[in-house]
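Presented below, as structure tokens, is a lone chain in the form predicted on its own.
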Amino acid sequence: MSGIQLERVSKEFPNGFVAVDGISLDVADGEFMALVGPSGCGKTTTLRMVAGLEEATAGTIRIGDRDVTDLPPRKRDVAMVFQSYALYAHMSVRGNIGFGLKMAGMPKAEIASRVDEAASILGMTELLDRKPRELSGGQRQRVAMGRAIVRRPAAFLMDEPLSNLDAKLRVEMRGEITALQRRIETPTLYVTHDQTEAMTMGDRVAILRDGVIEQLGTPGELYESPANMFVASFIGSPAMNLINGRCEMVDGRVTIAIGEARITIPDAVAAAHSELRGFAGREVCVGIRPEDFIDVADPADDDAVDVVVTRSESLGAELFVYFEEFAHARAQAAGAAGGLGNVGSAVDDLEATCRSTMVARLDRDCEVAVGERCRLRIDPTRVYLFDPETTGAIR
């Protein structure tokens, strides 16, 4: 057995706050697992419990074939890479990379061999005699990575290692870290608050909220099949548009009414969602990704809506158009639902994610101006539907 296993692991602090609530996670040998979620969701606490820096209140933690739940950090055979590089300013790169091995009493020849090997992997051989102050931010992060590599640990634990770098360097380092991890094939648990970072780096991604894993899957699975409204609104940039609508049956077909707009769900899509017909006559939350709007001019297109542009952002290759045409639909649907006031936290999720301001990602050649009307087609095969009472996806 190898990798990292967490089985029903929890962390409750003395004041009664539960930071992690019974999560189970299995990081396979050689796998890159990303933990992502908003601030305070429990991801760093989870990482610290695996490292032994926090004591687990309940559950079991295994690294490789060993139960390390009650072992001190030094006996867990893990290497951590932190947000801060924590380099010794008076030491050279060589000294920083090999410091942990020196403290462990390893022979000088072995230390030199391992440091040279790590420097070669990281492309830092010519920097070994420099001091940290002579390095760029990216080079300092490579030194921190080298310090972890030389230990040849059973697992890597990384806590937002790129957050101190500028945007361009973060993109470069994302590629370097994933390429390095593929090369050394060490199971890695990587914590980040950046969903783009998680989606581009992780073989699988675990999305945490309030100490619980909301969904675990490949980046493609999370994007295509979000389990609930939280995951749907968290994954994707810009975030998925979520707005209230009403499910109706018209001539035997499932339709979704959003204010004055009406989306007819293709029969094949409706058939693939066995729960959907049971929502006829009920309110639903409708999810539309910005990239699933299409600029059209045909006034007879039933799946098109007229919107008034309130803001536009050109990024060169694409255009983001913001509008609030559906603002009235949210208020109408919330009033019609009636029972929404009695479903507790689900309402908080609904109010937090269903918003009046929406965004569409259009072709860069589209000509729109703030204050003008724009007609957008909604791809009916790409509509996501959620139960407003449970916030779960309608399957």
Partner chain sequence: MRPTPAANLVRVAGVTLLILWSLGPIVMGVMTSMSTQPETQQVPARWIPEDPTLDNYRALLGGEKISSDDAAADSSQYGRAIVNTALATVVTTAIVLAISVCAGYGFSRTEFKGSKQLLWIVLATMVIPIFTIVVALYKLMAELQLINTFAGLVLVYASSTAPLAIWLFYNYVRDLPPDPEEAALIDGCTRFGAFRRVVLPQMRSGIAALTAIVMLFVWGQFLIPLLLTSTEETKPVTVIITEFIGKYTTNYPLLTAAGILAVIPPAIIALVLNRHIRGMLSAGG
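Positions refer to the first chain, counted from 1. All figures in this text were calculated on a predicted structure; none of them were measured in a lab. We call the rigid core the largest set of C-alpha positions that still match within 1.5 Å between the two forms.
Just so you know, the form predicted together with the partner chain exists too; it's not on screen, but the next bit is about it.
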Residue contact check: H90 to the partner chain in the predicted bound form, 4.5 Å heavy atom = yes
If you check in the predicted bound form, is R147 within 4.5 Å of the partner chain, heavy atoms only?
-> yes
Any of the heavy atoms of F99 lying within 4.5 Å of the partner chain in the predicted bound form?
-> yes
Answer with yes or no whether S84 is in contact with the partner chain in the predicted bound form, where contact means some heavy atom within 4.5 Å.
-> yes
Pick from 287-295, 194-202, 102-110, 316-324: which stretch has a heavy atom within 4.5 Å of the partner chain in the predicted bound form?
-> 102-110
Interface check vs the partner chain in the predicted bound form: of I265, V307, A261, M80, the one with a heavy atom inside 4.5 Å is M80
Between the options R277, R74, R253, R311, which residue brings a heavy atom to within 4.5 Å of the partner chain in the predicted bound form?
-> R74
Even though the partner chain is not shown here, does it sit in the predicted bound form so that R48, A51 and R151 each have a heavy atom within 4.5 Å?
-> yes
A104 C-alpha relocation of at least 2 Å between the shown form and the other one, rigid core basis = yes
Does the C-alpha of H193 move 2 Å or more between the shown form and the other one once the rigid core is lined up?
-> no
